[in-house]
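Below you'll find only one chain, the form predicted on its own, shown as structure tokens.
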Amino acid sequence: MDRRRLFKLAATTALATTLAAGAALAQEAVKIGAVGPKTGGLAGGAAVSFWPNVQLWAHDVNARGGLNIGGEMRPVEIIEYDDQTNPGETIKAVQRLATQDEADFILAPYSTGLNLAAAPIFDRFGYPMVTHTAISDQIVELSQRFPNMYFTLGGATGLAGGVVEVLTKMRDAGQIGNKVAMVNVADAFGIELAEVARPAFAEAGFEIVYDTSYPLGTQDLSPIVKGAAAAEPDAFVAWSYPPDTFGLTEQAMIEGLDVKAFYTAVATSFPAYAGRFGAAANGVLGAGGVAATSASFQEYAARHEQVTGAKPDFWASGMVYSSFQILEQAIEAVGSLDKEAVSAYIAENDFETVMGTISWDENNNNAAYWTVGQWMDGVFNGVASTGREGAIEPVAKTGWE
């Protein structure tokens, strides 16, 4: 009899558990669109900074039971599209998510150019657009045209200004001279940064002895580096995207580019950069940085690696995840899927994220952020920012050994 009663109790408990699980699964999912490169020139960067954070955020939300929509816990369902690093495909994918998939919300795409291409479509369908990998000095104009568009990674002036600040400090310390070779990828990101950097370098007393651009997706970068080396610069600056960041570094090693300051932009902060170049990465300057020793970043980084199997980068990864946290917090605060109400809430509030508090000034992240980092013995340390504490003094590069 005891065994029968025990079996009946166990069966009843199992049935209740099954029914509870079924009820949870029966809750209608919140459909979230995600568009970014899985192929094409920016696929490598998106594979580090964007897609793993989409996976991590969905995992974290659903592990907590879903989004709290007016007291009802609803899971998130991610609908993914590969835009092939093609602005036209980004536009088509966002339109498809809005009209065919009827996505409740859409995460901002990856990269400056693809965000600018998609902004009119987000605006047309009323989706809030919290960008995470877009950098522009046109934030005021863009936010006036697209009121639901927000920038968390700052503007071109801040990023370029950080590089000028670091090189000036190194020159004043006698580590480098005043000759700069500057190159840029010929898309919205690289073009705007080069345009901002030219007068900033001139005002700081630097001479640009080599200045050229190259198309996105360029495979052979040896002519670029050979041209820079022939100009005999003291510093090399590249407003580059991930494939060319790696390619330019490889060519600099092959050509023996002898500069005491070597800077490349997107992907310099990737763990794979130090993994690929080893000791040769020491002294390399790059875009971004994080407060790597902060408890919030360390907890995020550990969870990122546990869930996705990969380490986050030391710049954009945390901001990508933070942009998703902003959307999540706004949805739950509003308590509905009303896009207009969620957008209004984002505009009027501050948000606590893994990258600290984010508030807005003309739709731009008003918080201080890192602009330049430098590899030192396997750690990408922040050496310049728009106001963060804890910057480390930059050091001169001593070669490619």
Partner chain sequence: MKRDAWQDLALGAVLLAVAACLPWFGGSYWLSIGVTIAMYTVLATSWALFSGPTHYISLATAAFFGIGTYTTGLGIDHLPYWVLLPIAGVLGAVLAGLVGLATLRLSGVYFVIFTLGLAELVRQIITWVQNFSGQKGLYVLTDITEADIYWQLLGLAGLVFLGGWAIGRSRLGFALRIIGDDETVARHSGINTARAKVILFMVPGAVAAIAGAILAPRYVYIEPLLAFTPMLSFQVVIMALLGGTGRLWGPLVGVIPFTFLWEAISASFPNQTTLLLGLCFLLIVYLLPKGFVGLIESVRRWARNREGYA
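This one's a predicted model, so the numbers in the text were calculated from it and none came from an experiment. Positions refer to the first chain, counted from 1. Note that the rigid core is defined as the largest set of C-alphas that superpose within 1.5 Å between two forms.
There is also a form predicted in complex with its partner chain; it is not shown, and the following applies to it.
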**Request:** Assess the spot marked by Asp338, Ala341 and Ser359: is its partner chain within 4.5 Å of a heavy atom from every one of these residues in the predicted bound form?
**Result:** no
**Request:** May I ask you to check whether Glu195 falls inside a 4.5 Å heavy atom distance of its partner chain in the predicted bound form?
**Result:** yes
**Request:** Classify Thr245 as contacting or not contacting its partner chain in the predicted bound form by the rule of any non-hydrogen atom within 4.5 angstroms, answering yes or no.
**Result:** no
**Request:** Would you check, heavy atoms only and a 4.5 Å threshold, whether Asp234 touches its partner chain in the predicted bound form?
**Result:** no
**Item:** Distance check, Ile191 to its partner chain in the predicted bound form, heavy atom within 4.5 Å
**Value:** yes
**Message:** Between Gln138, Gln306, Gln144, Ser294, only one gets a heavy atom within 4.5 angstroms of its partner chain in the predicted bound form; which residue is that?
**Reply:** Gln138
**Request:** Please pick, from Glu165, Glu77, Glu328, Glu89, the one residue with any non-hydrogen atom lying within 4.5 angstroms of its partner chain in the predicted bound form.
**Result:** Glu89
**Proximity to its partner chain in the predicted bound form (heavy atom, within 4.5 Å), stretch among 200-208, 320-328, 167-175, 214-222** = 214-222
**Prompt:** What are the residues of 76-106, in order along the chain, with a heavy atom within 4.5 Å of its partner chain in the predicted bound form?
**Reply:** Glu80, Tyr81, Asp82, Gln84, Thr85, Pro87, Gly88, Glu89, Ile91, Lys92, Gln95, Arg96, Thr99, Gln100
**Asked** Does the distance between the two CA positions of Trp239 reach 2 Å or more between this form and the one not shown, the core being superposed?
**Response** yes
**After fitting the core, Thr212 CA displacement of 2 Å or more between this form and the one not shown** = yes
